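In the form predicted on its own, a lone chain appears below as structure tokens.
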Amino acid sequence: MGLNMIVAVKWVPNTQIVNIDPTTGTLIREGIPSIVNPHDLNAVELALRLKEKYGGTVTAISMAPPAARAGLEFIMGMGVDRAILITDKVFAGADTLATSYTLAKAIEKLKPYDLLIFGHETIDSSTAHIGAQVASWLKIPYIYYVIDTEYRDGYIFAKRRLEKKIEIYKLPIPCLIAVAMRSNEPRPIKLEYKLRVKLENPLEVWTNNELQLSRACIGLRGSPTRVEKAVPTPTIPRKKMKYEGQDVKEAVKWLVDKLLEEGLKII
């Protein structure tokens, strides 16, 4: 029978230098190179390992601008069977609530599914909200920090890592797991999978024409979160001071003196 899995991925800016629209408070993506969120690649890798072990299918979904097609083609090159790009101007400016609502409605169109797999968080916002919110919209159980998973008799046995312990949870399907960052090594793409993407085009584009969602619940209009003010990170110039001597004790004393001059408090 196997597992019908859906893995969510996000197309994120590949830089820490971003600009904020002063009117809407949202990220300006134009001109910024983007990549698949690295933590979502851990989710893709876990999904592919489960497919190899138990059989089934892996479908990827992403709510993103049209350029995210390149990211979905990349993960299909890893072995993902099918991809759905959810893109429409009416989805723009969504916060986590509107994003999770849109993703949940798209996932409902993909029923039946057994397991939803998300990355723990994204490098552009680090909210770690989306997985939990999607599960809440769908009214299914979820768990975070997952490092490995087994499937037996209709249940997912999710192993998760906390700071000082390992826990194992038994969840009935369907359910959602959020994969811990850096919990595995994502595989490289294969030429045969890349050729399949080009020849078979297993990538679909869904707009709101397909989802038929109320404008009041999606995009900027459906987002209760508002960024009131965005302040760029200040640039602190380096003083580039260098100790020129050879004596180690004198070097330590020189360093401590300089730190004290800069206002370091010794407790």
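Keep in mind the model is a prediction, meaning the values are calculated, not measured. Numbering starts at 1 and runs along the sequence shown.
Although it is not shown, the form predicted in complex with a small molecule is what the next lines describe.
Contact between residue 93 and the small molecule in the model of the complex at 4.5 Å, heavy atoms?
Within the cut-off, so yes.
Should residue 61 be counted as a contact of the small molecule in the model of the complex, where contact means heavy atoms within 4.5 Å?
Taking the distances in the model of the complex, the answer for residue 61 is yes, it comes within 4.5 Å of the small molecule.
Check residue 87 for me: does it contact the small molecule in the model of the complex (non-hydrogen atoms, 4.5 angstroms)?
No, residue 87 stays farther than 4.5 Å from the small molecule in the model of the complex.
Contact with the small molecule in the model of the complex for residue 37, defined as at least one heavy atom pair within 4.5 Å: yes or no?
Yes, residue 37 is a contact residue.
Though the small molecule is not shown, can you say which of 114, 73, 124, 148 has a heavy atom within 4.5 Å of it in the model of the complex?
The option sitting close enough to the partner is 124.
For the chain seen here without its partner, which of 115 to 123, 154 to 162, 184 to 192, 167 to 175 has a heavy atom within 4.5 Å of the small molecule in the model of the complex?
Of the options, only 115 to 123 has residues within 4.5 Å of the partner.
Do heavy atoms from each of 4, 49 and 80 fall within 4.5 Å of the small molecule in the model of the complex?
Answer is no for this spot.
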